[in-house]
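For reference, the chain that follows is the form predicted alone, supplied as structure tokens.
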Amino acid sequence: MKNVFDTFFFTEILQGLGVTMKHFFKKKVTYKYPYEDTPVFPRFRGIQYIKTDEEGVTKCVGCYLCQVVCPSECIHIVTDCGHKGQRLIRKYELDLSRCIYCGYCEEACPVDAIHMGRDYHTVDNTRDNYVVNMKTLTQNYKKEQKMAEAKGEQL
């Protein structure tokens, strides 16, 4: 008798529609990325940036500690000796396609130069664009400063 009732009145379909209608009016849990940014949690580690002073000179001293401590070996530094005996950074490259965003480079830096940012937009067409240099990393610092100022935070 119950099977005949279910067959004529489509009770299973109505139950399914009831479940659908229950979720239809709930708050959405998905985001339309890349059109809509997802919220970033406070301890999120995104693309790195290198701090600069007021004159725009990087704080990095080329000590190689971030390169040595990096488990994925994505940081490559080349330094040279300047005419006054100071260490000059000839090349500082970070391969974002190899980086695992562990934050060891940030912890190892003795002069507080490299930091993990909050930007996570790393999508690109070619692998060559994932290798960023010192100029890009300092530009990331300026972006992070603007984002922090907009939120009323300090870096």
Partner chain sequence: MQMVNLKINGIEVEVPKDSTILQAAEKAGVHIPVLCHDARLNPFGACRVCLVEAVGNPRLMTACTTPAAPDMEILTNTEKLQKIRKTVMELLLINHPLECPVCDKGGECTLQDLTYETGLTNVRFDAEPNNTEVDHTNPFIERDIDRCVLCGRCVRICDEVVNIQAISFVNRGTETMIGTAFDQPWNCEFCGQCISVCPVGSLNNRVYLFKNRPWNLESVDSVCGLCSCGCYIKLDHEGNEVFRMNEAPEEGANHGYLCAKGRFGFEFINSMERETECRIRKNGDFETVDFEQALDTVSEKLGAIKSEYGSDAIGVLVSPRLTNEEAFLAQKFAREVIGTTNVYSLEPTTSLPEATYEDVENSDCVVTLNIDVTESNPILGLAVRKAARMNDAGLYVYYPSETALKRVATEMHTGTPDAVYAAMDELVAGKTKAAEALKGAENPVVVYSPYNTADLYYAQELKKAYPSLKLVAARSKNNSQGVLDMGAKNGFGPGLKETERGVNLRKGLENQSVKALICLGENVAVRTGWSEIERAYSHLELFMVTDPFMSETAKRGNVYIPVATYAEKNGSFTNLEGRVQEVQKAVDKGVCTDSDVIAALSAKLGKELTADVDEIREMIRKENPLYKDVDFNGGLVKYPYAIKGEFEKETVAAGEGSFYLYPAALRLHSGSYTRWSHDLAKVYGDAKLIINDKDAEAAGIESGNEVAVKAGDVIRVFAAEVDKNMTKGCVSLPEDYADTADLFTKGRVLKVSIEKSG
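On a predicted model such as this, the values are computed, not experimentally measured, just so you know. Residue numbers count along the first chain shown, from 1.
Here the subject shifts to the form predicted together with its partner chain, a form of this protein not shown in this document.
Heavy atoms within 4.5 Å of its partner chain in the predicted bound form belong, among the stretches 26-34, 94-102, 61-69, 123-131, to residues of 61-69. Looking at G56, you'd find every heavy atom of it more than 4.5 angstroms from its partner chain in the predicted bound form.
Put simply, E73 is far from its partner chain in the predicted bound form: not one heavy atom of it is within 4.5 Å.
Proximity of T38 to its partner chain in the predicted bound form falls outside the 4.5 Å heavy atom cutoff. Counting a residue when any of its non-hydrogen atoms is within 4.5 Å of its partner chain in the predicted bound form, the hits in 84-110 run K84, G85, Q86, R87, P110.
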